[in-house]
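The same protein chain appears twice below, in two forms, each given on its own as structure tokens and labelled structure 1 and structure 2.
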Structure 1
């Protein structure tokens, strides 16, 4: 089956969807490559990344189209014609066959690319511009295109000549909407790949830059400009993205997040320095970057705090800044604070949440109070997954073991306290979970364990024949 073909093949009369054997019969020396839709999608998304230099609003139109909303951007590149030319030429140099057009609506522009590449249609001219094209250019789907052709409506002009109600009745409302959009009557919104950042600053270079010092300098200048524009509106950045546009079209985007709004350019500077330093695959300038863009994709209104009287606020600020720096270096999920959870199952009692976002909440959290003058009832170290231990026998069926083997070492029990029975939460779990009896145990060396028997004795655990089996024992934690 032919997935895609070039112009020369099309001239020979081959078509998409044709069985390969038929195509080979028509043209024996046909060159065939396996279709790789995943790689195609990747390439399209890379091209979309590159197109970010023209406008932040780039939408994918699979399988091989891109929409660029260039409203208000064209003048930056010397007008619509110059922009179109620059884009087509740059992509052409990379070896892509490009057909591009500019029109007032996305559907109209797409129709134009299929028939008349390089056209620029002014507002209100859409209907006239596309009326002579065949209906297949609309891209309405095989069934509708064939249906229109059978009805004798060969061009878009023919279709528009009929009354819209007839078209809707015959081909459905979706097609008539598509037609209306193509004619410039209303527009379908495009779906940009990335949300529009709140603030963007960028610096293009006539001569590509490649050295680390130049990159750092550019970033810090961009940070100054970004801060200045945010300051006017009293905003601070929570998420920043630096995009590096390489001369060969590769775009590398690097993101940093902060726990509280940033209002100082030197903080931005430092965060990016940490992030760039710690990249697993360092920024590769290749032949240099011809544009660097810094954008604040999430911003917040900055509340000015009284600082002089309260040293505590200052301390918290410094801690938040430190957390931001560490997070920029090793990742936000690796710096955590802890929040208590309302459950008595030991492994679920604590929630580790990213410190950047939950620092304030964690500082105010209410932890269950400990009982005065009691020794610790919960272990200091808890295993994520309880580790099974070998228990030879228990003196009392319900009781704790005399000795057990954990991690290939035998531990003789000299002190026992328990059991503390923890029943599972039947109202939350789907499957049957076993009741656990916990014992606090001290061995001959003075090590203190928190072990449990998974399941009640002769009550919950059964073997394959439905006979009561002996429950498993686990080490769940270690006491100091």
Structure 2
């Protein structure tokens, strides 16, 4: 089946959906390539990234279209006509065949691209601009388009001449809404690919830049401008993104996050320098960047603190800055703090959370106090997953083992503390987890282990025939 074709193929009478054998019969010299919808979607997404230079509100209109909300942006490019011309020419230089139009509603603009590319329609003129177009330009689907033609409604003007109630009764409310939007009698909002950043600053270049020095200088100047804009409203940046637009259409975006609102441009410089130096895929300028953009996608109101006399504030600031620098280099998810959880299940008693977002909570967290002159109740090292051990025999019903084998090494038990019985949380599980008896033991070599028996001897563990079976033993951690 033909998935897509060019103008030359259309002039030969070929159409999308036509069997390939029929097309070859009409044109034996037809050039055919395998359709790759995944690659097409990726290319459309890349084009959308490039279109961010014109407006931050870019939405996909699959399989081949894009919506750009240019409200308040056209004057930055010399008007709507100049913006449209610049966009079409730039994409044309990259090898794309482009149909573009500007209208007051997204549906009207899409209809114009199918019949009158390059058209700019003023507000209120939508109905007049599209009335002569065939009904297929609305993109309502093959069934509705065929039904309209059979009813003698061949153009959009023919459809609008009928009463809305008649059209709705015959073709449904969805088509009536689509028609109203095309006529400028309402509009559905587009769904931008990315949320609108709180602040955006950018620097276009008449001559592309490619050196690290120029890139760093540009980011530094943009950081100064961004900080000045946020400072007027008493805000600081928590998430920053630098976008580099290459002359060949490739866009590279780099993001950094901070634990506290950033109000100094030198901090932004340092974070992006750390991030750029740590990139596994270095920033490739190609033939140069013709625009660099710095945006703050997440900001917060800055709370002023007394910093002259309070040493803790300075310490917290330095710690937060250190975490930001490490996170910029290796990733925010790899720098964690541990928070206590209200549970007695050992593997769930601690939550590892990103340090940038939970530093304050970690500093205020209250951990169980350890009794002085008493050995610790929990091991220094707790395994992520308990490891099974072989226990030849143990005292029944709740006694410790006399020896066990772990990692092919035999350990003879000389000292034991326990058992400490921990029942599973019945309100959070389906009853498959068993009661545990934990023991703190020491072997003949002086090594201390935290082991447990998973299940009671009677009433919890059964074999395949339903008969009582011996529970399993596991080592869960190691003491210092």
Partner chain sequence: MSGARTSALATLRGQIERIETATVVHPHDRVALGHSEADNALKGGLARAAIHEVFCAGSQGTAATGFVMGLAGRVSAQRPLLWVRQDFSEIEAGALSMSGLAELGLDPRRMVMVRAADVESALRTSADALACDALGAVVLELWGETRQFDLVASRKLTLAAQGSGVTGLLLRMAAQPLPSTAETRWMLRAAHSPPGSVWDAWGAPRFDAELLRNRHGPCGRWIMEWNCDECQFSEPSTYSQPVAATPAHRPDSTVLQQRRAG
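Basically, rigid core = biggest C-alpha set you can superpose within 1.5 Å across the two forms. All figures in this text were calculated on a predicted structure; none of them were measured in a lab. Positions refer to the first chain, counted from 1.
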{"item": "Assignment: the form predicted alone", "value": "2"}
{"item": "Rigid core superposed: residue 59 CA moves 2 Å or more between structure 1 and structure 2", "value": "no"}
{"item": "After fitting the core, residue 30 CA displacement of 2 Å or more between structure 1 and structure 2", "value": "yes"}
{"item": "Per-residue CA shift, residue 19 (Å; core superposed between structure 1 and structure 2)", "value": "2.6"}
